[in-house]
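Take a look at this one chain, the form predicted on its own, written out in structure tokens.
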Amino acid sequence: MANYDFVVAVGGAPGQGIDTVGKSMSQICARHGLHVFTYSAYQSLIRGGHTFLTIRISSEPVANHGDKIDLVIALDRNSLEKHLPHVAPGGAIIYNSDDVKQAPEREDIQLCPISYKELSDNTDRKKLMLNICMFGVALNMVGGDLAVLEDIITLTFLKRKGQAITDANLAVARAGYNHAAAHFNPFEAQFTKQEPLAFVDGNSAMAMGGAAAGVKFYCAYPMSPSTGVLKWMADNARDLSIMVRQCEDEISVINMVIGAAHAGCRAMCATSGGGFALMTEAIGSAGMMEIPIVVINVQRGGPSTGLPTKTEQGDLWQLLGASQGDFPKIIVSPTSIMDGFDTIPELFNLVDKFQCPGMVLSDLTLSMGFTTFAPESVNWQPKIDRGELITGAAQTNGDYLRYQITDSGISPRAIPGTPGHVHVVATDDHDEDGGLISDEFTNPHKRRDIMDKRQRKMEGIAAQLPPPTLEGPEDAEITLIGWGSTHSVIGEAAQQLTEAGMPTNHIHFKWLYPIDEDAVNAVLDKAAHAVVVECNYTGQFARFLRGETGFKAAGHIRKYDGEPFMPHHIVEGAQELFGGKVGVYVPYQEIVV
């Protein structure tokens, strides 16, 4: 268990600077050497509605927003009333007494009213800096360094807003910090100073992974929650010599990515489920033409445009069925924000080697969350393996076969324009040299041969993908099974169950397709009372796992309300399922935004 585990939440309306507080708090924690994971629950409105940002701070790496809330910064009355019940006993809530004359009562927490008019000398009637003032109050109560806050404020505002706005924010931050010191009780657990950490969001981590992998072409149409990948690429394109294009729609995006990859460079795009739906025919063409590409799908609630600002694990079957017919493809789902960085180079090496499309299943929880990490723990120069890529002229006597039938199914791939390596590339099925089978009345023997050749790659891919491992006590009564972004929250729930006297382990899947049936079953055979945990209605992964391996889970925990799991949701579900009370447990979401 971590020595320090503290959760700060910020509630208010869009436009009140909630993201500024969240990012600044995360940066300050990183400067103090504390680990952070943030999750923002918000609506798809520019103005109006309610936003609630949760920042979990820990002395150890953390990758979910936890079960409790210790301190709430309520930027409006609605946030005070809505989230007062969610503050843990011994916690505190900060609010503006100018707007709240009579606050709701709770005797087991500390109510911290401030008069923003007094602290700002009544100079800011629009309350544009209320967030910074309250942030100063909160930082004092948790033992943060005021000098670090001042530095972060300067970095945030000076270049964009100028000296006068920066000085005004510094003044109200100091006023809030000093007011807390004089009027409120600090928390017993205080910030400590450790080695500073770096800080990144999930979309940026995947974009950075692409840059490290050697991506030279990135294309996208903005679609939340994937737009952050495009933003990072656009911001850094010139320095990294990456061509970045924003297209008019996702059909254009995927076809440009395929064209760039065909020309020999590593190419990538990102979208969400609705945009991915438009890409599927072209993904099939990449499979037919054996062109390696990487497509990121950052899942949100569906179907259709669904829940643009909420999370779900509902697109697995969409990716499994991407395009018509059978063709080799790889599907992977990162288990944490920094695993997203590592996954992109790994996937590029695989798709280059096996000359097929690769797809990444992230989701809003990971992609729009922030975390801290130690820079020295990251391999910034991962191995790059381009597979059987021909880039130089050779003596071929005109007999180069782009789709040569081989035992592995992998054919040497020549970059277009390479002297002596002429070949045809088309979306109709073809012979070894690219000639269209349909021009020969669809010869059944050639069709079978080329299909066998392509599909043989799947055996090689499956053999290279690591199977999941069993984590936790071997003598467990319950085994929790999950995939992708739920790794951390399932692991924490398993630990809580074990500590409560119900030994629990868990099996987690990152590489989803293809799978080595024997290797996976060897792990699943060790499972006790197996419960599959996932964020969708129909149990998509449970059905997929049963279809691929014959494994049938004893119970299911499913969440599909748009919010991610909290550890206690899984703990309570496992207890209900193990007691035989239900077969499918659906948690109740207490915090409504």
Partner chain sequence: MARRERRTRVKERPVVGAPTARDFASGVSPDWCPGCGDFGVLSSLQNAYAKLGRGNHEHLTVSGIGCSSNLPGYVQTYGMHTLHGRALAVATGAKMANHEMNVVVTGGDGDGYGIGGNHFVHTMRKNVDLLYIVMNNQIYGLTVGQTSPTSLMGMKTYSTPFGNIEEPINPIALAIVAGATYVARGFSGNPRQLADLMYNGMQHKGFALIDVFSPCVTFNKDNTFDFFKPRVQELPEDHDVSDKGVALEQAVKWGDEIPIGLFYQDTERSSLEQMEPVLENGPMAHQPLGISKEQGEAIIRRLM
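On a predicted model such as this, the values are computed, not experimentally measured, just so you know. Numbering follows the first chain given and starts at 1.
Same protein, other form: the form predicted in complex with the partner chain, not shown, and the subject of what follows.
Handout entry: Residues M243, A282 and D433 all lining the partner chain in the predicted bound form, heavy atom within 4.5 Å
Key = Verified in the predicted bound form; spot residues all in contact, yes.
Handout entry: Heavy atom within 4.5 Å of the partner chain in the predicted bound form - residue from H423, K231, K453, K127
Key = Only one option qualifies, and that one is H423.
Exercise for the section: May I ask you to choose, among R238, K383, R160, K101, the residue with a heavy atom within 4.5 Å of the partner chain in the predicted bound form? Expected result: Contact with the partner chain in the predicted bound form is made by R238 alone.
Exercise for the section: Give a yes/no on whether T427 approaches the partner chain to within 4.5 Å in the predicted bound form, heavy atoms considered. Expected result: T427: yes, in contact with the partner chain in the predicted bound form.
Handout entry: Non-hydrogen atom contact T418 with the partner chain in the predicted bound form at 4.5 angstroms
Key = Yes, T418 is a contact residue.
Exercise for the section: Could you confirm whether G264 comes within 4.5 Å of the partner chain in the predicted bound form, counting heavy atoms only? Expected result: G264: yes, in contact with the partner chain in the predicted bound form.
Practice task
May I ask you to check whether P196 falls inside a 4.5 Å heavy atom distance of the partner chain in the predicted bound form?
Solution key: Yes, P196 sits close enough to the partner chain in the predicted bound form that at least one of its heavy atoms falls within 4.5 Å.
Problem - One stretch from 298 to 306, 369 to 377, 313 to 321, 78 to 86 that, in the predicted bound form, holds residues within 4.5 Å of the partner chain by heavy atom - result: So the stretch in question is 369 to 377.
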